[in-house]
Each structure stands twice: as structure tokens, then as C-alpha cells.
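Listed next as C-alpha cells is one chain, alone, in the form predicted on its own.
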Amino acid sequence: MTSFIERYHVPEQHFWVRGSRSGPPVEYDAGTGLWSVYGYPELREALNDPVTFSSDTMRVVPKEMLPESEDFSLSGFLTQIDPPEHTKLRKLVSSAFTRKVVADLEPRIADLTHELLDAARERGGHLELVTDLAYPLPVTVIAELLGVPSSDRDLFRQWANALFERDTQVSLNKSTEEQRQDLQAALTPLKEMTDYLGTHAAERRRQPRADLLTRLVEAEVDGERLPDRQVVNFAMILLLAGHVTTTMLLGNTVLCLDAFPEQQARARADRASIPAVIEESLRFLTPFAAVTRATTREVELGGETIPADRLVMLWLGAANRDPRQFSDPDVFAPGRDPNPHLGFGHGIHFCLGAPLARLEGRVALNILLDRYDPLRTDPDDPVAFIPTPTMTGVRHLPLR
């Protein structure tokens, strides 16, 4: 692991990549005011109990840390709501990600991958995996599903970067000025996305199409249409989550195959092993490495008592390196079986787009192995990780 960390300049805040933790599985950090869960069984227990560990985290965030703007609303954000509303809203789009619907996208994903790689070759120079493939591929797929122009993908990337690529640590103890800066950094892209998707949703009300946005506009819950804000927020989370995870997954998997060339050789020789490579990549470099929950009651977890109404960080990336669950957790071993990683979460909030992300990863990786032998990073152009403490992914991955 030392050579991996040094070779790719893994940021210090990505502690789960830098070796298995030796501390307790659950602990309180007075510096941030947060409880953290690092252990695998403890984290699964929390994710399996959405009543105690609520996704409605804004409820326990101090009011001075929340924006007063009318432009801020989490209504319809699947990741921030609990049953029964979560169950009803998730059911609305689950049919868009069924096994058959996703499988039918394979030819389009393959065509897009070839088109993007051809375009990169025509531009000349080395392939920069993130800009040339790992970002545009999944964002084009999800944009086409939603029904928004994939030609606006540079705009989507600006918004995603503004929201996600921040090197600040989550904390309830920040100064008033730090809180104000964080709020403004988030509100600007949120407002722009709200206006953009609101315009497209309004157009679908006038002229329906065969796309996911039309389905949201026309959907009914308990006999009533979704409010405009719910439609927009629902579409926003699908657009963002629908590409960010896969972008990181593709970059991370290629990075692992560069770091462990013997595994690349095995995958090249036996393409049936690629799904296992992707699953191990999700464990080894977990894209969304942490999620937040808020306790609704006092609860015992991992030998600690967490009070009610506390913000809890569930470190998926650390749990995926827990030696109590995974033997040799710091070794990239696609052959491990079983591999019950938490790369897509667990429980009622398990990633809705996991089948699509896995398909995109499998198709793109097969084509990359066909067209590039070997897949190797450029030693003269260093890999750069996304600095966000709760995400594991590369934002710059040049191949030679």
C-alpha cells in the first residue's frame, strides 16, 4: 500500500485508502461535533435501521448553517428523505432501471465508448481517461434517459465539480464565516441547476416525450401530481448521482489495473472476470466513501452510546477495509468470493443506478482493454485525486 499511496499521491484525508484503521469502529470527534462509524458490521447495522439512523440530516444541523434562501429545498431528494415518502418516490423511477431496461442500453453504451475514444484519438496526444471517457460516457447516458441535452454536459460537470470537489471536512463546529462561504458555494450551482431543470420540466408539461423527465412530471403519488420542486430535485439527484459514481468507478478501476498489472493481464485474458474486477474496485476505492445519517433516538452501536439527534458519518470506504470482514483488505484481489462490499451502499438507499453503473463499467473496460495494450498511466503526468474527503476518485488520469 505504501507504494500505491506514494505513486498516486493519495491525499491524507483519504485515510481509508492509506491502510486499515486501528482505532475503534465507532467514535465521537469533538473537533467536528460528529459521530463516525468505521466498522463493517456496525455500519451495516446502521444502514439496516433507517428508523433510528434517519436520512433527514438537515433536522439536526444548526439553523445558522442552513440557508434562508427560498431557492433551497430538499423536497424530492431521495438521499435525504425517509419512508414512507422515500418508498413512494423511489418506486416512481425504479422501472427506469430494471434489468431489461438497463441491458437494452448496452449497444448504445458500446457505441458511445467507441465514439469518445475515436474522438480522443483524432484530437491527438495521450488519452486523458476522465475528460475523454469516464465523465462524458455516463453523463451522456443519464442525460439521454432523463431527456435533457447531452450537449450540455460541460455545464453539468461545472455544477458537479462545484458541489462535490471541495477539500473541506464536514464539521458542525465551523466559524460563521466558513459556514457562509460553504453555503454560497453550494447555493449558486443548486440555483442554476434548479432553473435549468425547471425549464425542461415545464416544457414537458406542455409537450410530453418518451423520457424519464416526462414520467416524473406526469407521475402521481397518492392521487396527486408531484410538486414542481420535487420533480426538479428528483431529476437533479438522478442527473448528478447518475454520472458521478460511474465516472469515479471507471477511473478507479483503470487505476487499479495500472497499479496491479498482473490483475490487468488476467482480466485481458479472461474477460468473464471483469465484473469481479469492478466489484473489487468498488471495495478497494469506494467512490462515495461516506454518507450521513441523523439519530432519532439514543442507540448503542459498536460499544458506544450515540445520543439522539446527532449527525453520524458512515464511512463506507473504511468499512470496506475492515479486516474483520475482508481478509487482506489492503490488497486488490478481484478473486475474493464472497465480496459483500458497501460500494453502492446498503439497505433502502442502495444505489438505484447500480445495475447501470456496473454495465457501463463492464462495457467500457472491455473496449479499453481491446484498444489499449497495456493500460498504463503516464509517469510524466501525475494522477490527481478528487480532494473531497468523502469521495474516492481521480479527476485527472492520463494514459500513455
Partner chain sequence: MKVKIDPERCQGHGRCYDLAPALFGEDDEGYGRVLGDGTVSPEEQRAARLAVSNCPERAIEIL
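Residue numbers count along the first chain shown, from 1. The shown structure was predicted, so the numbers you read here are calculated from the model rather than taken from an experiment.
Below: the form predicted in complex with its partner chain, not depicted.
Asker: Could you tell me which one of Q158, Q207, S327, S94 places a heavy atom within 4.5 Å of its partner chain in the model of the complex?
Answerer: Contact with its partner chain in the model of the complex is made by S94 alone.
Asker: Would you kindly say which of S151, T98, T199, T305 lies with a heavy atom within 4.5 Å of its partner chain in the model of the complex?
Answerer: Looking at the other structure, the residue within range turns out to be T98.
Asker: Heavy atom to heavy atom, is R90 within 4.5 Å of its partner chain in the model of the complex?
Answerer: Within the cut-off, so yes.
Asker: Looking at the partner-bound form in the model of the complex, is P374 within 4.5 Å of its partner chain by any heavy atom?
Answerer: Heavy-atom contact with its partner chain at 4.5 Å: absent for P374.
Asker: Can you tell me whether I348 touches its partner chain? I mean in the model of the complex, with a 4.5 angstroms heavy atom cut-off.
Answerer: Contact check for I348: yes, within 4.5 Å of its partner chain in the model of the complex.
Asker: State yes or no: in the model of the complex, is some non-hydrogen atom of N339 no more than 4.5 angstroms from a non-hydrogen atom of its partner chain?
Answerer: It does: once its partner chain is placed as it appears in the model of the complex, N339 has a heavy atom within 4.5 Å of it.
Asker: Any idea which of 28-36, 348-356, 55-63, 364-372 reaches within 4.5 Å of its partner chain in the model of the complex, heavy atoms considered?
Answerer: Contact criterion met by 348-356 only.
Asker: Using heavy atoms and a 4.5 Å cut-off, decide whether R44, N48 and E279 all contact its partner chain in the model of the complex.
Answerer: Result yes, every residue of the spot touches its partner chain.
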